[in-house]
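The data below hold one chain only, encoded as structure tokens and taken in the form predicted alone.
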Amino acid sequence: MTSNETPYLEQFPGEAKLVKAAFWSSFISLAIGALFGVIQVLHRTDVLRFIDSADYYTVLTIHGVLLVISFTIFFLVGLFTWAITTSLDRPLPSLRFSWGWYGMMVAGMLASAFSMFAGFIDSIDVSASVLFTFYAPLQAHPLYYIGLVTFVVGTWVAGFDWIRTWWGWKQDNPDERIPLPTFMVLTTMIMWYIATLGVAVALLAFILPWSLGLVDSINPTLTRTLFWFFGHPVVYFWLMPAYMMWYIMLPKVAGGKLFSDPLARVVFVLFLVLSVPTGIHHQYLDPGIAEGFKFIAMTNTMFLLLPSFLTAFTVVASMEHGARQRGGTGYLGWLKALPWRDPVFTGMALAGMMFAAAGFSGMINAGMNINYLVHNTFWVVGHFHLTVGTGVALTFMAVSYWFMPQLTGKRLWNRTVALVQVLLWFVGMTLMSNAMHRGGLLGIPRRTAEPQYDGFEFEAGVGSVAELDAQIVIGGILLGLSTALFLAVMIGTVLGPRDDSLPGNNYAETLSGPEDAPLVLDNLKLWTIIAIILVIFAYTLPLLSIISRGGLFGFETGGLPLSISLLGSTIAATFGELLPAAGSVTAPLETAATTLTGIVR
């Protein structure tokens, strides 16, 4: 681990500007996305409605895309740039090239954002109210998809930039082990390259031509499956940078050392190998996929508990080591010795606790049988807000309190406000996610502006739906306030005075270092091959089955009427065979099928 005592701004001034730009892009996305989240909360609970329910879905789309794609990935590229340059003690090969991929990402997100916001203006036919999960049969304007493709390609180019930086270092240090932060960046990006192949094929080969009118039909099950090929591992693309901070920053802030470098490498190898062959578990209720394929996806998903358990052990052991170095004693008494007044530590520690809770609700989602109880209910929304909404988002906000002084040379503005901010996020998310999980068990649906059905009432075994709505509103408002405080601290830091006593740009040392890790862990070629083989095993047969049933590009645009007509004709033909003389019976059936076909068309 590095022991550099120079702030990052002085060590890598050019890269610091790039990282700062990426972070501010992330923060702007967070601000807009959080605002739209509060609007959703107020509208759904019928507390305050100042938008039409039809516009709710545009709000939902903006909230999802800006937070789970723009906020997280812009922060990720900044964080990974810092990790590569710091751990290798080497600048990026070409800052002009690096600003190029950042520019691609900004241009792509602006294009997608324009198409989403155009949904509020009827006179601009460039809308994209397709929610976060962009697949057929919902169709957005081509600009939306072009923007997303440009954004993703920008991340690919960024990964190439980091890989070539490492390769240059490797040529100069052929016998050195890959530094742990660089190892984490490389394994994450290899996983990302594999995972994004699915969404790239879906967008470029099917959805974009369909939205442009180049083809008249599409296979919805195929595009859904290709989306979830990417849609579940993208969760780990957000999560692995948070894990990086828990491994290399949290132990240092706690006053100790990372318990085990080898275990950290094992965790990231497991994520590389196991993250992608799991996406079908999002499609348990899709009728076009055989149950056997879903069972395989469930099994693969359960294996992902292993890296999470290893992380829980390693991170908690590292925190305990730090607490005992600070004088902590006893089986649990050492917890009091941790620096709970430090917003960097407290934010990351609380994020880890919430992510542990998300792991338990995630096991419900992953099980085929019990998933039927919570599928497409508010439970899923509660789970998602614990994972990316707290495990990732709160970690990113907490480490920003360390990064921003490093990037600006300024003193952090008001550590007390920063501490209040992370506590508000924890309390707000506890209230909101608890109510969402409980609401899901009642069957309250997700993704709807009108969960208050006329003539029907959800009945809670404990409490009431009104109490759940109150928790959601209070939690959502606290989260909005927490976001405002975070942005205030960031802006106050940038506008504040310089600090000549900033700590150095370093992170945790290790109790067990890379020399204790088997050399095979650094064999990225081997793990990449294994990951690809597992993906082939998990997806080849399901994709071939889907294509054989629904066609590569689906059937005609009038697929539904065609199916009804075919059904009517089949019934008529069947009766005709069973009752050859019953012409008076089959004729009305054929007529009814033709009439129904015309009505549906």
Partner chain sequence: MSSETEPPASSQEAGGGHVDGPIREIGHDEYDPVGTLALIGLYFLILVALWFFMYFVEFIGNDPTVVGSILGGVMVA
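Positions refer to the first chain, counted from 1. Since we're looking at a predicted model, the values are computed, not measured.
If you look for the form predicted together with the partner chain, you will not find it shown, but the lines that follow are about it.
I need the one stretch from 71-79, 422-430, 455-463, 182-190 whose residues put non-hydrogen atoms within 4.5 angstroms of the partner chain in the predicted bound form. In short, 455-463.
Looking at Val153, Ile146, Ala356, Leu138, which is the one with a non-hydrogen atom within 4.5 Å of the partner chain in the predicted bound form? Of the listed residues, the single hit is Ala356.
Heavy atom within 4.5 Å of the partner chain in the predicted bound form: which of Trp246, Tyr236, Trp402, Tyr102? Exactly one listed residue reaches within 4.5 Å, namely Trp402.
Quick check on Ser501: any heavy atom within 4.5 Å of the partner chain in the predicted bound form? So Ser501 counts as contacting the partner chain.
Any chance Leu131 has a heavy atom within 4.5 Å of the partner chain in the predicted bound form? Leu131 lies outside the contact set for the partner chain.
Flag Trp334 as yes or no: does it have a non-hydrogen atom within 4.5 angstroms of any non-hydrogen atom of the partner chain in the predicted bound form? Close contact exists here: in the predicted bound form, Trp334 approaches the partner chain to within 4.5 Å, heavy atoms only.
Touches the partner chain in the predicted bound form: Phe259 (any heavy atom, 4.5 Å): Close contact exists here: in the predicted bound form, Phe259 approaches the partner chain to within 4.5 Å, heavy atoms only.
Is every one of Trp169, Asn173 and Ala200 within 4.5 Å of the partner chain in the predicted bound form, counting heavy atoms? No, the whole trio is out of contact, none within 4.5 Å by any heavy atom.
In the predicted bound form, which residues of 509-540 put a heavy atom within 4.5 Å of the partner chain? Sequence-ordered list: Leu511, Ser512.
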